[in-house]
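Shown next as structure tokens: one chain only, the form predicted alone.
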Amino acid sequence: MIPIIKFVVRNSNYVSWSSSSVTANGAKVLWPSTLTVSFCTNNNDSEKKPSVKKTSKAMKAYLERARKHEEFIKKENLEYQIGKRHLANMMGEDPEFFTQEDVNKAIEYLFPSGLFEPKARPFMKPPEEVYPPQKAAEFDEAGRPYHFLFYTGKANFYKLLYEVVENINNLNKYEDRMIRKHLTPDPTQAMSMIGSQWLPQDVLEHRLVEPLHESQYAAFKLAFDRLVSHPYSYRVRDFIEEYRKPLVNQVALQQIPEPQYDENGRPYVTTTNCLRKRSWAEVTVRGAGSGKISINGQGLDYFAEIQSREQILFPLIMTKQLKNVDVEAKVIGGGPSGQAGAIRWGIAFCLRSFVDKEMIEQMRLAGLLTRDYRKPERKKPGQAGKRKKFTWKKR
């Protein structure tokens, strides 16, 4: 009878032998081919203790800064709420329905200031709007960065440049498809940068939550200029306009321009950069006229819809200047509604030089002197339109 030898192996899962025999008690025992040797491991010894993840020093420092910032914001927010309630009681209003607009009016009433610089005037705003935001954690507890551009030092800035290059490549692919189809870009949809500029460096830094050097800001403008120069740049209009700022001079809004005189002695005022949706217009109002209206060389019948014509006539009828002035307008881009809105704002802006201050105040209250910055909402991916959804079918 061949004995079965049981080997107990600790901290190992296999044993290798170089000989086909083993000696037991001085006797040599041969290993037959059918002999099975079982190896047992001690499970108690092989159990591994769970590894404890250590928090990196950078993460500890960030958590400490975040904790102090949250405590500071919480304290400032509490003081802001208390101050707003006191201000509402001083004005005789309900504190529960006292909005930020009411706060601004109350500050202007209680603390009048003739200072021209807005930063020198007293104000009261929530602490989230006063103090700059802090970046969120960019790495996990083990110190591994979340962002793939973390080690560049300015991840948000270089990600923005990456998106610009990605849009340019997509537009190039689209242009190649159009060329193969023998199609050319629509010139009426070309983007116009008139009346707006790129975001200033300080505004861009606040949006990216990163300080930028002058060379990096120049690279930002150069990249976007290249994107705008693409013949199909209107396909990414929404992305470009996120980093554009309309040129609206607040001082010019308060100062009424003096009329100029042509060779016939007629006074006239010209307003450029009249914007509405995707339309741009240039409007000239001439005094001592007969009510003639010219839009791109045509009459008021340039607009087929009655609503658009009423938009043009509204400021003239309100100021009672319909038969006293002539209007000349040049408009491009957009549709009838946007073009009519741009011309209406330009006419109202020019009419300030032909009416008295009381009428100007009435125009302001009627909303004729307020620029409408609303833009068309973009289509959402995975949806049928801007808000419309695809029909859901269970089967």
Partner chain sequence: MLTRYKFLLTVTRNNYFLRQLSLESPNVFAKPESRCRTVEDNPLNHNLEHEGRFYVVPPAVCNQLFRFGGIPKGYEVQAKTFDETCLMIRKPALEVINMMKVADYSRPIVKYVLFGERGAGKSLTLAHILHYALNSGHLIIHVPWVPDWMKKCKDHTRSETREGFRDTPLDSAAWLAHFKTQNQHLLSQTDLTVTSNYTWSKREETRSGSPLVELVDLGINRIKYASNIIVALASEVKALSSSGRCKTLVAIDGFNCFYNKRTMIKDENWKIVPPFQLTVTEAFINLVNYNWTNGSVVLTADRLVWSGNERGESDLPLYQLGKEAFELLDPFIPVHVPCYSEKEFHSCMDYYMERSWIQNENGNTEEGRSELMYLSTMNPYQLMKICGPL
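Numbering follows the first chain given and starts at 1. Quick caveat: nothing in here was measured; it's all calculated off a predicted structure.
Same protein, other form: the form predicted in complex with its partner chain, not shown, and the subject of what follows.
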Classify Met178 as contacting or not contacting its partner chain in the predicted complex by the rule of any non-hydrogen atom within 4.5 angstroms, answering yes or no.
-> no
Does Asn264 make contact with its partner chain in the predicted complex, using a 4.5 Å heavy atom cut-off?
-> no
Give a yes/no on whether Arg309 approaches its partner chain to within 4.5 Å in the predicted complex, heavy atoms considered.
-> yes
Verify the contact flag for Gly291: yes if a non-hydrogen atom of it lies within 4.5 Å of a non-hydrogen atom of its partner chain in the predicted complex, no if not.
-> yes
Checked Val209, Ala190, Val203, Leu300 for heavy atoms within 4.5 Å of its partner chain in the predicted complex; positive is Leu300
Have a look at Ile194, Leu183, Ile317, Ala218 for me and say which one sits with a heavy atom within 4.5 Å of its partner chain in the predicted complex.
-> Ile317
In the predicted complex, which of the stretches 268 to 276, 283 to 291, 230 to 238, 195 to 203 has residues with heavy atoms within 4.5 Å of its partner chain?
-> 283 to 291
Its partner chain in the predicted complex - contacting residues of 319 to 346, heavy atom within 4.5 Å | Lys320, Leu322, Lys323
